[in-house]
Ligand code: HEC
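First comes one chain, alone, set out as structure tokens in the form predicted on its own.
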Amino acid sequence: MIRTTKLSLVSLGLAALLAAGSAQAAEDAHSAPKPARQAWTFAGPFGSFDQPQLQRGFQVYREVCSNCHSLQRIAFRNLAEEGGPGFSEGQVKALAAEYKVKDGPNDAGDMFERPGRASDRFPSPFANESAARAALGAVPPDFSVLAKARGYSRGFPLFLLDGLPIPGGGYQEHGVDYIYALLNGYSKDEDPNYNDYFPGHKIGMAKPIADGAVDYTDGSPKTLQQYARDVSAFMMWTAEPKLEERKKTGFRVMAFLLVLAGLLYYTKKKVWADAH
């Protein structure tokens, strides 16, 4: 009886898993197309950010995206930290001083504006959500963690492998793939809000950028594809500024555990060598 019950539970579990896979496949068939998998320098267990790319991505954000999108979880000083865009402290201080930051209250109890400091976070383009909604009809999402908050499913059974460090698995760049595809997905000139990759194909943000919109000075192509790639990489960094440090720490931990496992194995053999 117990064996029969266990077999029934296993059967139900398999049926539920297959049903979930079928439901996922049906949903994917009626949704927007999956973004193509891109090659990113920060992908994989040993990946790292490309500093020039992050600097170009920041330029795109500052000249185009910051008109609507905030960057509330990033401070100016983060731009000079290891693993980031690699700006100098002097560049960061000069950049921060170009912004006006609300501070206070002062001795009279009033709020006031002052030039930004390196320790300040990027100020929002709108005073509050109501102001953003009044100006744009909706509140644009904050850029800080958008690359982690967005994504897509590779479907059953591939999504089961995404968190595993094995060939074909361990893929965590769904968000930047989606953002890159979205920025390149405005395919109808007569409808600036039509997007191939947005669910329902109608997005509140009209096409935000086009060829030649940002003047790169390092010789990189001034194309939509290059802008989309650079700002997507920058958004990945804003979502995980300590990515390189995390990967280095993970490698050290795994190496330590492998050495420890080897030592324990040989110690066990030595201790029990004479036991019969």
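Keep in mind that what you see is a predicted model, and the values were worked out from it rather than measured. The numbering used is simple: start at 1 and walk along the sequence shown.
Keep in mind that the form predicted in complex with heme C is not shown, yet the notes after this line are about it.
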property	result
Residue (of Arg114, Lys188, Arg150, Arg73) lying close to heme C in the model of the complex, criterion heavy atoms within 4.5 Å	Arg150
Among the candidates Val145, Ala97, Leu136, Val101, the residue which, in the model of the complex, approaches heme C to within 4.5 Å (heavy atoms)	Leu136
All of Trp40, Arg56 and Ala181 within 4.5 Å of heme C in the model of the complex, heavy atom check	no
Stretch in contact in the model of the complex with heme C, which is absent here, among 103-111, 199-207, 116-124, 83-91 (heavy atoms within 4.5 Å)	199-207
is_contact(Pro141, heme C) in the model of the complex, heavy atom dist at most 4.5 Å	yes
is_contact(Met236, heme C) in the model of the complex, heavy atom dist at most 4.5 Å	no
Partner contact for Cys68 in the model of the complex: heme C, 4.5 angstroms, heavy atom	yes
